[in-house]
Each structure stands twice: as structure tokens, then as C-alpha cells.
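Encoded as C-alpha cells, the following chain is the form predicted on its own, with no partner shown.
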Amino acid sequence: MPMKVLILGLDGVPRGLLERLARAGVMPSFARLIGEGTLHDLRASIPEISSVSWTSFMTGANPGIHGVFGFTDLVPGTMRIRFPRFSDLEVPTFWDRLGRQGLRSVVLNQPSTYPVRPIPGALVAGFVALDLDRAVYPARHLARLEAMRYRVDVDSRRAQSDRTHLLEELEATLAAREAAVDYFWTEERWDVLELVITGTDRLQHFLWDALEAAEHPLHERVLAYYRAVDGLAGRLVERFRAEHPAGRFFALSDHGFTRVRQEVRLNAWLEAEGYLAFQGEERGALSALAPSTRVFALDPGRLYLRPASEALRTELIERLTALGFGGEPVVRAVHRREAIYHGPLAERGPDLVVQAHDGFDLKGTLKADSVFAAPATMSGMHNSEAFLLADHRVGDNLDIAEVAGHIEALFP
């Protein structure tokens, strides 16, 4: 019997939250899957953001090999910013590698795959896909997706002021995801089927407070969304096991989440400490930085030194490690580039990557003049608490870039 693999991504769901909701009866399908399988800690990328983690997952490679270090990256040798495109990847995905064996994948709502390019199978890009007509491969599926009112993402701008509308959009988007899975399940021949649910990330950014507090007016509505996600997962796994009893199932997140307590604007700190300066009164862009600038930050905690020197890196590590707020340390770790990136493209990465303690949300804005600020619109932030759940033993303490190898090993 040929091997089949089902993969479910829950963007941003931390292991602790998954276990808590499973124990509480909010996610009974996952409670059953955890009981039947193995739940592992999973190391997210550094920094813990979707564009880097999901790219590491789908390529099975470190950022120093695949070349994506953030939602935006510097154009090599310049001070210009670019948005990494799917076509920019320097290495194939595991769907491409499986395709060389004649195997086909259906991949739905995978972040960082826009604009789409051909893969051996079918692909519907996820965040940040701007136009659905450039997010679907093969293009013959576009009309059917439009007819089912498929949407790539929710309106995050409106979500900042209208949480009820956000929940309505999350519910509608989830229903469209399931309709798309049902369609592709029989429309395409596949050996691997992958669905990523990004609504969990969106909900947790804007409604983490409602999730934590039972007295919040939207608490039950938030739990209802997790019940809906759980129901979708249960139906997919049940169908998969009925049709492919020898198949394998994986679920994973790309990073975790926690409550935001304080925003930390790194460029404002660099300015206050004399490492960064602006030309005149203009702010907000790298082009506004004065020639005297020695260090600047890009989201969420990537530091670039101009010019780089080991003495300056050591000085920054010492001073950032000592940074505190309200008597608490802000910074958990400062990583040198060579400690976390390896491969031919590692030199494109930041010189240092700062990771904060839970609750301190690092920002790379160039517009702020104060180092600390209360959270503006979001109550939840990323952390590194990802999970991997499988119906078979996979391995402890895995990096997210190692998961692809375990999937590919099922197809000898």
C-alpha cells in the first residue's frame, strides 16, 4: 500500500496551550491524537517568526542555506529592503524533492509561498499573498476557489479596532479552508496533503487577553474558534485514516505565543545609546540614517553593524543583556550570526539576533523615540514554544528544519 502523509499546521500555537485546551475538553480531537501519538517540543527558528520558521520547515534547511532571515531582508550589499518571494529560495522544498520520485503534494495556505511557482502537485499560497490569482497553482483551480469565497487572510487592519469582526472573519476563513481541502482531496492526486491554519496566529495576536481571561466578553467566542479548529482536524484525520490506514499524520506549529506586557523599540535604544543617528528630522526609513550610524535593527530583533567588528558585537551583547525594565531583565539571549546560521548565505543574515524574555515584544521601528511603550493594538506576541505531534515516534528536541527529513524518510 503506497505511503500517504497528512500534515496540519497550527500557526503560532504553543505546546502548553494545545495541551491545556485538550485537557479542558475544548479540543477533544487533539486530546485523542496526543493520547494515541507522541507530542514533542519543537525548536522554532531564530527569530521566531513565520516567514523564517515555515521556510525552514518546507526546505528542511537553515536560513543560512535557504536565504530568508525575516519578513523583510536587506538587499545584499545595500541599505534597501526587499520582501522575500517564493522564487527567491536558494534551495528546493521537500515537495520538490519528493516530486523527483514522482510523488505529488497538495499544499494549502502555506506562508511564504507567494507568488506561487509550480510544484509537483498543487499549491495555494498563504500569508502574505496579496492577490488570489497569483496565489494558486495550477491556475485552473482559481475559479473554484473564488466560487467558494476562499480568502488568504483576515483583515488585520480592521482587527485592530473591531475584534468581533475579526472573529467573524476567522470563522468564515476556516470554513473556506475546509471547503478547499475537500475540493483538492479528490480533485488532485496526492501523496502528501498539507493544510496550514493561520487564523490561530491572528486570533492570538489580537485576542490573547480574551483567551486567558474567563471573564472577558469574547472568551467563549474565542474558545469556540479553537473548537472549530479541533473539529476540522478531527474530521480530516478520521477521513485520512479511513482511506489511508497505513498513512502518517503530523501536526506542528512554527512558533509559540505569550502575552505582551511591553513593547521594546530597539532602534530607539540604539539611538539613546549613541549607536544610531538620523539625518535631520526625518525618521522611518533606513535612508534617513546618518552616516555615523554604527548599528540598526530590523524586526523583530535583528541587529546589523556598519561596519561589523567583534569588539562592537561583544559590547552590544553585554549592554543588551543588562537591559532591564521595572526591575526585570528584558533580553533572554543575544546570538552571534555564526552561532545560529550556517551555510553559503549566512553572511546575508544579521550580525546579532536578540531574543527577549516572554512579555517583551521587540520592535524594529525607526519612527519611535521612546524605548519602552505599552502594547498598541495586540495582546499576544510570539515566543519559541512550538510543538510537533505525530502518530509515530519522531524524536525529541527537534529543530523545525529537521521535520522535512522525517517526512521524506517515509518515502524511501
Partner chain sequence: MKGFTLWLTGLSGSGKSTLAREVEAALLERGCRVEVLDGDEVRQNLSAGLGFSRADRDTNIRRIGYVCRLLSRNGVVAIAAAISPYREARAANRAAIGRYVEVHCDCDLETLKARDPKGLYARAAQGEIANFTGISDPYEPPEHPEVVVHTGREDVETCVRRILRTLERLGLVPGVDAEGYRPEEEAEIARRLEDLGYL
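Model, not experiment: these values are computed from the prediction. Residue numbers count along the first chain shown, from 1.
From this point on, the text means the form predicted in complex with the partner chain, which you will not see here.
Asks: Does any heavy atom of Tyr114 come within 4.5 Å of a heavy atom of the partner chain in the predicted complex?
Replies: Tyr114: contacts the partner chain in the predicted complex.
Asks: Mark His219 yes when one of its heavy atoms lies within 4.5 Å of a heavy atom of the partner chain in the predicted complex, and no otherwise.
Replies: Judged by the heavy-atom cut-off of 4.5 Å, His219 is well away from the partner chain in the predicted complex.
Asks: State yes or no: in the predicted complex, is some non-hydrogen atom of Arg239 no more than 4.5 angstroms from a non-hydrogen atom of the partner chain?
Replies: No, no contact at 4.5 Å.
Asks: Taking the partner chain as it sits in the predicted complex, is Ala129 in contact with it (heavy atom to heavy atom, 4.5 Å or less)?
Replies: Heavy-atom contact with the partner chain at 4.5 Å: present for Ala129.
Asks: Want to guess which of 156-164, 94-102, 171-179, 268-276 is within 4.5 Å of the partner chain in the predicted complex, heavy atoms only?
Replies: Looking at the partner contacts, the answer comes out as 156-164.
Asks: Could you check which residue among Arg144, Arg332, Arg134, His342 gets a heavy atom within 4.5 Å of the partner chain in the predicted complex?
Replies: Exactly one residue meets the criterion: Arg134.
Asks: Quick check on this chain: which one of Met378, Ile65, Ala368, Leu39 has a heavy atom within 4.5 Å of the partner chain in the predicted complex?
Replies: Contact with the partner chain in the predicted complex is made by Met378 alone.
Asks: Can we say Lys4, Arg23 and Arg189 each have a non-hydrogen atom within 4.5 Å of the partner chain in the predicted complex?
Replies: Heavy-atom distance to the partner chain in the predicted complex: none of the three under 4.5 Å.
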